[in-house]
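This text opens with one protein chain seen in two forms, each one given by itself as structure tokens under the names structure 1 and structure 2.
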Structure 1
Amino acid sequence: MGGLGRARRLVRPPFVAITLIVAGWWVLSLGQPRYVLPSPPEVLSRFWELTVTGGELWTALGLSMAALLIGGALAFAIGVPLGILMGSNRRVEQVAGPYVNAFYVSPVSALTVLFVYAFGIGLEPRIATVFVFCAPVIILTCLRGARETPRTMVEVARVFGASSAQVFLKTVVPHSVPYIVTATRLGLGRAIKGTVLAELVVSITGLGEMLSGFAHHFDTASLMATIFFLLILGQLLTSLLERFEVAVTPWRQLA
């Protein structure tokens, strides 16, 4: 029964889908030049070389972490309280809402050029790009959480004599915790995207430098290996945040 159970766990939709995708990819790569579509073993080999044998991807990731961490931290530190304030106070939303929506729909690659004009080529425009890339998503998600606070909870708090500040801190903010965690997950993914975009547009360093170099040399296997590295990194970080979400909001798992 133990072996049968393990076999059943393997035959799941994600495993089947991945198997079919890799099989189809392998078939399509037959007879194709390496610079057009390398085979799965070629990409896997380059992935191993870049991560284990040579470690170039880890070095590039280290160079990219400064913009990702600083820009992401600023987006979280500003976006969470601003989003909750906008969701609980119409006046704050009326003042800040148009700017948040404008940045949300603006093409970040075009804004990055303006950041270069303002800050020069260095770390600052990369931080600004990451911030603009993920802050609007964090703000709008937290706004939603604050706005969906049940009216009855607010009214009960006021009946018991809670001030406006107490209602905000002890009712609206706790209700927004699941949305804050969700905003963090969404912001993390966009921070990774913004970091790579900034390095491609602003200053060719880190992961952006590797992607640009592989593309210019038509090294498609290395290019795909780097993209898979980013996908795996994002998935691992998201999984960690999901576990954190379960820890801080256990009641949501019972629903």
Structure 2
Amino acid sequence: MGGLGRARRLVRPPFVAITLIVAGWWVLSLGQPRYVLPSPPEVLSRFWELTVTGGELWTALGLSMAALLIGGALAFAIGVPLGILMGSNRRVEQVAGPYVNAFYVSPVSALTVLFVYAFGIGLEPRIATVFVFCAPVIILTCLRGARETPRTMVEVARVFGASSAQVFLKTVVPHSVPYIVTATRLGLGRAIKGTVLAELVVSITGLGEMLSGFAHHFDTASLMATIFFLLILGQLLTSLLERFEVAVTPWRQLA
């Protein structure tokens, strides 16, 4: 029991899954030409070159950052107040809600064509793409935070003679804080998706340029290395923000 328990502790299930996936990939790659499916070591060595020895991916990421940060910041600056307002005022929610929801569920990537039409192929259409990708999720998450403020909290404030402005500032807004942090995490994920899409559809720069360039030259190993880079980047940022979420709101029970 002890030995088995120890073995189980050492080998985590996700580790097993990833080992199996890599092994399967390796076996598959044996019978294929390199431009179709390179083997894991080849991709790994390209990954090393692109991130450590050469560092092209970091440069590309830097180029992508502008659209990501500006679009994301805009969505945050507009989305958080709008979401809280919608959550605390039924009227506003009734009027704006359907549009936000529609943008949330509909394929907003179709709008990129329109952005190119309106703004050309510079930075602006990419900012707009990032914005429409992440604003709805930020608005809707903040809306939930404000709307789910327990009635008793509001009533306690009223009993102590709080004005409506005080009720809003002392109960609704603090109750929304964890949701704002969650909204940032979800928004960031969507923003990365929007950035990459914009760089493939709108104007070919940054990471998008890397991707399409490698594909163009049938450099599949580099292409896969870039995809893994994005995959790890998304995971790292998400888990970082998850930790931040816990650190910022110590009073919240982990759900």
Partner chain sequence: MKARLASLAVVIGVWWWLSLGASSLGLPGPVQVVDALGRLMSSGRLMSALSVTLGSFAAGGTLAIVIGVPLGIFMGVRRSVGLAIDPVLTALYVMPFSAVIPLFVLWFGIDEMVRLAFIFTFTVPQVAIVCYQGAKSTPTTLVEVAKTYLATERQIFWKVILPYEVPFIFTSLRLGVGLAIQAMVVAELLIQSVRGLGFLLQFASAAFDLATVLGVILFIMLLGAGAVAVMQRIETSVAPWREGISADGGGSNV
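Residue numbering: sequential along structure 1, first residue numbered 1. Rigid core: the largest C-alpha set superposing within 1.5 Å between the two forms. These numbers were taken from a predicted model, which means no experiment stands behind them.
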Next on the checklist: Given these two structures of one chain, say which is the form predicted together with the partner chain.
Outcome noted: 2
Next on the checklist: Once the core is aligned, what is the C-alpha displacement of L20 between structures 1 and 2? Give it in Å to one decimal.
Outcome noted: 2.8
